[in-house]
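This document starts with one chain, in the form predicted on its own, laid out as structure tokens.
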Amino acid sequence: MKLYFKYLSIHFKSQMQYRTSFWLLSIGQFFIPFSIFVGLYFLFERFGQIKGWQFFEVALCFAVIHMAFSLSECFARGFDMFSSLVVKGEFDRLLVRPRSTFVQVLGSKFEFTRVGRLLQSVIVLVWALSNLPIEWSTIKAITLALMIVSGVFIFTGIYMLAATMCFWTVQGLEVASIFTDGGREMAQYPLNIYQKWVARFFTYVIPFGTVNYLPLQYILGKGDGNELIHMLTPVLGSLFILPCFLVWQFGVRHYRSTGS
């Protein structure tokens, strides 16, 4: 972790060398999800509710998933941009260093400009919570925090799977965007508004349902059952990163240099 934070410090100082550019990019990142949220607002302005879900309930779901996405884009950007390391042959250099390739790739790229997207998500989160009649408890507060953390792990896991494919395809596959950008767009709504096979896939295969739908029902008082089980649902979803890490390790062991 000392090495990881060293990477973090170096990249932060590097990006702050051009502060005007940094802040302009951050402002741009603020308005990208803002335009999506405006569309969400007008959707509910027109129809009132979607399958029993009110605007501020979906806004809470929106804020959680976009917050998780922005954090994963900031801190796991190394895996998202991993194909460039393979194409240029720079991954060979990482292999001969006496440190984990996982940490080195994770620390190879940070996007601190995602603070704009994160700020927008925080504003929506606070606005939604202030307009929802939630009876708060310690377990509910922990559940909300775990939802965000679990979302970060899931998005990071998807980035890792996409990066692993580069060992065989060299170039990155755009199909991964179906589960990153597409997963973000899909998971900003409760899963029960989709067809059952979609909800099942994104609960049991790629567990976005453990980030938004299942724990969200508990926080909003829409679901019954043991409070501890609801709190641990996001924890189960975060375990998705473990098989992704094993797949990554398998790819590293079978990597053959591009010869660049």
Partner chain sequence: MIHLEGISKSYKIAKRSSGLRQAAKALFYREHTTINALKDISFSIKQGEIVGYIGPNGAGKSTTIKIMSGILVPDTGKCTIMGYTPWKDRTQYVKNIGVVFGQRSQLWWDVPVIDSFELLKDIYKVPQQEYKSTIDLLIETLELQEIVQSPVRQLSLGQRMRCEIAASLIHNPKIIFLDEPTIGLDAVSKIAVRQFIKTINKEKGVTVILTTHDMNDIEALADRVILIGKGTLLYDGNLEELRKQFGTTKIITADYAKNTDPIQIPGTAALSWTPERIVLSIDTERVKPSEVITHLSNKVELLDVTIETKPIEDIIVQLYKEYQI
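As the structure is a computational prediction, the values presented were derived from the model and not from experiment. Positions refer to the first chain, counted from 1.
Although it is not shown, the form predicted together with its partner chain is what the next lines describe.
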property	result
Heavy atom of each of 139, 200 and 222 within 4.5 Å of its partner chain in the model of the complex	no
Per-stretch contact check against its partner chain in the model of the complex, the hit in 184-192, 90-98, 156-164, 131-139 (non-hydrogen atom, 4.5 angstroms)	90-98
Residue 246 within 4.5 Å of its partner chain in the model of the complex, heavy atoms	no
Heavy atom of residue 19 within 4.5 Å of its partner chain in the model of the complex	no
Residue 10: touches its partner chain in the model of the complex, heavy atom cutoff 4.5 angstroms	yes
